[in-house]
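Quick heads-up: it's one chain on its own, the form predicted alone, in structure tokens.
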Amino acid sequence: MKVLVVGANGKVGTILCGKLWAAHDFSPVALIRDSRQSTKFTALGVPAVTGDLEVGVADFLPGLDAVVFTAGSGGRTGPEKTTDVDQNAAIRLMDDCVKSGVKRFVMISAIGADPNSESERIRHYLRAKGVADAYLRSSGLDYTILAPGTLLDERGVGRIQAEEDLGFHGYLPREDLADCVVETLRNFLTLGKTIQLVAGRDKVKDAIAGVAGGGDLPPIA
């Protein structure tokens, strides 16, 4: 399965590229914004393409089997930039995937994403994510939305809790989130689902299969 990792230079994206390459049943491609970022992906053995989400990256979509959206405006930007990247650029990418025939789309969202969020701390982020998630659900793409709790830089332990509605917030190491993406791409019973993720007791593969409603299926060749 050839997978474009959008936002590959971010923390989750970089980890994910390495895991997809190591899994051998995937061919990851890293989408980066600055060609100088390609060095670390060359070291991983992952090809990189340079493009700007806000301008559009449709030229890189033909021939892909899946797209994973891990991009974000970053914590240092204002509400306008968050809307530009986390909402508008994501929606533009979805439209381009539809036009290019790339059906599989995995969105990294967040617990609490809601177009009407009243969060005091990150309202604009959760609203932008909520709008993008709602658009994805109506896009006709074979989507899965992964909504983790607060992300941590600590090493993953390979154990999570996954539900369509956990009913609470929590924490999740970024490495474990990357593993969740890999298992989601492998399991086509996750199509059409929004899965909330926090640290827990279940092995990643088992947790994803459990919330998907059964066992896993092999990825598209």
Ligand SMILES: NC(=O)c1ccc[n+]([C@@H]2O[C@H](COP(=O)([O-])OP(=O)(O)OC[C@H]3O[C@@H](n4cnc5c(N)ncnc54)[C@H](OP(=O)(O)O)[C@@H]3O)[C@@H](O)[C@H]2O)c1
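Residue indices: 1-based, along the sequence shown. The structure displayed is predicted, hence computed values, not measured ones.
There is another form of this protein, the form predicted in complex with the ligand, and it is not shown here; the text below is about that form.
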{"item": "Heavy atom within 4.5 Å of the ligand in the predicted complex - the one residue of Ile145, Ala132, Ala71, Met94 that qualifies", "value": "Ala71"}
{"item": "One residue of Asp59, Glu54, Glu164, Glu154 in contact with the ligand, assessed in the predicted complex (non-hydrogen atom, 4.5 angstroms)", "value": "Glu54"}
{"item": "Non-hydrogen atom within 4.5 Å of the ligand in the predicted complex for each of Lys19, Pro173 and Val204", "value": "no"}
{"item": "Any non-hydrogen atom of Leu141 within 4.5 angstroms of the ligand in the predicted complex", "value": "no"}
{"item": "Heavy atom of Ser119 within 4.5 Å of the ligand in the predicted complex", "value": "no"}
{"item": "Contact label in the predicted complex: Tyr125 to the ligand, heavy atom within 4.5 Å", "value": "yes"}
{"item": "The ligand contact at Gln37 in the predicted complex, heavy atom, 4.5 Å", "value": "yes"}
{"item": "Option from 155-163, 180-188, 59-67, 44-52 whose residues, in the predicted complex, bring a heavy atom within 4.5 Å of the ligand", "value": "44-52"}
{"item": "Residues of 86-125 having any heavy atom within 4.5 Å of the ligand in the predicted complex, listed in sequence order", "value": "Asp86, Ile108, Ser109, Ala110, Tyr125"}
